[in-house]
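Here's a solo chain for you in structure tokens, the form predicted on its own.
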């Protein structure tokens, strides 16, 4: 059987497994194993599976994954982030859509310590949704702003998907983290501008309360409520950007400090600690299974020469680089509406990364673009995980209301990718001027 025929057969088998409801990680492992056995035989094929699994499971960079997940769980269950929303709301509450704006800004700040989109959306959503509903905000506007704000958890560092991208492409995770700062700020500003504009055009969808103007003394006093989160930002990001620690060491430091803060603030119960451990084990196991089995599948893809064949095909068409990138991103946007994005990223990186970098695009810049694409996938039905998170914390919310409210933010993410394409230095300027730990 030719390599092209084998590749087509494996892709068909993969989608057959998806259609049959097989778990994505298991489907990838099964198809990858079949491919290795067909190419290398039993002895060598099984040896390759063991080698790929071992190299991924023992990667030092991947140690940061359970540590950041654990830190996020501690922040979620100890209530450290709850006062953050109140403090931000006191400063921006006078603006149109002030509470929704506070939600996005609080998500952006909380993202700088959580590394998790789910933890960000859940933490801020639990406090913000009841308050905005009490004020009479339009329901899709509430849910969309929180679902979108939660996605900032994987663009503004620290970010678990950035760790995965960095390890798979041998790109500096520290530089990826720095590269996400300005694009994260840009996306936050785009979200904020939309919220203010929407509330100004339809004030009945975002009614103002009687307490929108507070004395300056009250606003300044509220800054103390941001203290724990600010300390974590300094510990996790400050130490890393100063070059003192690597991202993995920063994750360990952040996890330790988050426990200490939770105990000092008396927000962590025994039940919350146990739940944090359970969430860490469950999430890490899921992510690592996807990484290992997708790596096996990607190894097969590389063996049959798919990346080189795709590169030769695309370059043979004579298309300019911008047209190729547009086609790639349009393909990813379509995939975001059909499949779970993290798995797709891991599957597609060995194919897309050589193509994109071969056309002259910077690997760090492309990493930021991939993370923005992941953000889009988190709020696009039917598999957008943040949509389900918001539905879980908002009583009576329908998936249609949440999806309708999130759609404008998906369009803003596409706009942000266009801006990054036109001005790549937004993602590259800081990494070129700072030297973080790898």
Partner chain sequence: MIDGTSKAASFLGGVATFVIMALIAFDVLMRYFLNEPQLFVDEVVSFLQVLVVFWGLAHTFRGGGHIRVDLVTSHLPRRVRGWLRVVTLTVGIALLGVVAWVTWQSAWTAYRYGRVSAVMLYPIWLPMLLIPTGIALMGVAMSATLVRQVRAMVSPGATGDEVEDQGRAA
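Numbering follows the first chain given and starts at 1. Everything numeric in this text was worked out from a predicted model, so none of it was measured.
Omitted from view is the form predicted in complex with its partner chain, to which the following refers.
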item: Proximity to its partner chain in the predicted complex (heavy atom, within 4.5 Å), stretch among 186-194, 147-155, 67-75, 104-112; value: 67-75
item: Answer option from 271, 266, 134, 278, heavy atom within 4.5 Å of its partner chain in the predicted complex; value: 278
item: Single option in 288, 319, 344, 352 placed near its partner chain in the predicted complex, where near means a heavy atom within 4.5 Å; value: 288
item: Distance check, residue 293 to its partner chain in the predicted complex, heavy atom within 4.5 Å; value: yes
item: Contact flag, residue 333 vs its partner chain in the predicted complex, heavy atom cut 4.5 Å; value: no
item: Any non-hydrogen atom of residue 9 within 4.5 angstroms of its partner chain in the predicted complex; value: no
item: Contact of residue 382 with its partner chain in the predicted complex (heavy atom, 4.5 Å); value: yes
item: Those residues of 246-269 which, in the predicted complex, come within 4.5 Å of its partner chain by heavy atom; value: 249, 252, 253, 255, 256, 259
